[in-house]
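What follows is a single chain, given as structure tokens, in the form predicted on its own.
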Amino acid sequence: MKGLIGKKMGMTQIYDETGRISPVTVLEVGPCTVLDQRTEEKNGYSALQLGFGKKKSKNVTKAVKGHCEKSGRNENPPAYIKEIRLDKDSELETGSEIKADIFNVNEYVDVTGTIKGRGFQGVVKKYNFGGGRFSHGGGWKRKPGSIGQCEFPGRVDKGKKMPGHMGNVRRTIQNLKIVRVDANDNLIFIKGAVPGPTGGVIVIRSAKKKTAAK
């Protein structure tokens, strides 16, 4: 298992060696600094705590600065800090950098991001309900219709699809294929779409469900 923190740059198209065009998402991943380590012996699990990006020192709390001091990033603290779980203890030292070249072409990965927020939405947009009739006496159009029972149990069931907040939640898409790696600019080209808006922060990890190359 391996992983990096990155940023979604947007989507484009590239051609493979056979001339077939594919839609790809461009991710800027790394360089990520190893801020701390978790080991089986000390913590009961293996992981690396990574930092990505940078913030002005005046905008970071003393607690974060003190935590980053061991890795040498206290004067140039990272903007994002996340922990990446590993199968076994890492041999990397605190303060070392990890870049996009840890991933290879044709490797499968899982990408996690925060999807776009849509605010408060009705059931037609949120759940693709059909709504009511727009003619011949229809009087409720984009409403959900009946939501409960008449006599028994006489209440609305828990989990009923209702209007409410839509989007702005974490989502993971699994088994996405890497089609190109640009180690010089720390760019990874992923086949298909990944969650989140352009400029959104993502986490890319080795695929948990191994998929045979297609």
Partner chain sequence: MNKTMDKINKEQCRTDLPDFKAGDTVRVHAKIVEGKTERIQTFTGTVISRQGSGIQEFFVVRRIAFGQGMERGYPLNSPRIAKIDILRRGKVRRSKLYYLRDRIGKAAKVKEKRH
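Numbering follows the first chain given and starts at 1. Values in this document were obtained by computation on a predicted structure and should not be read as measured data.
Here the subject shifts to the form predicted in complex with its partner chain, a form of this protein not shown in this document.
Of the candidate stretches 180-188, 51-59, 159-167, 146-154, only 180-188 has residues whose heavy atoms lie within 4.5 Å of its partner chain in the predicted bound form. Its partner chain is not drawn, but in the predicted bound form it has no heavy atom within 4.5 Å of A193.
In the predicted bound form, no heavy atom of P197 sits within 4.5 Å of its partner chain. Using a 4.5 angstroms threshold between heavy atoms, V201 stays clear of its partner chain in the predicted bound form. When contacts are judged by a 4.5 Å heavy atom cut-off, V26 counts as touching its partner chain in the predicted bound form.
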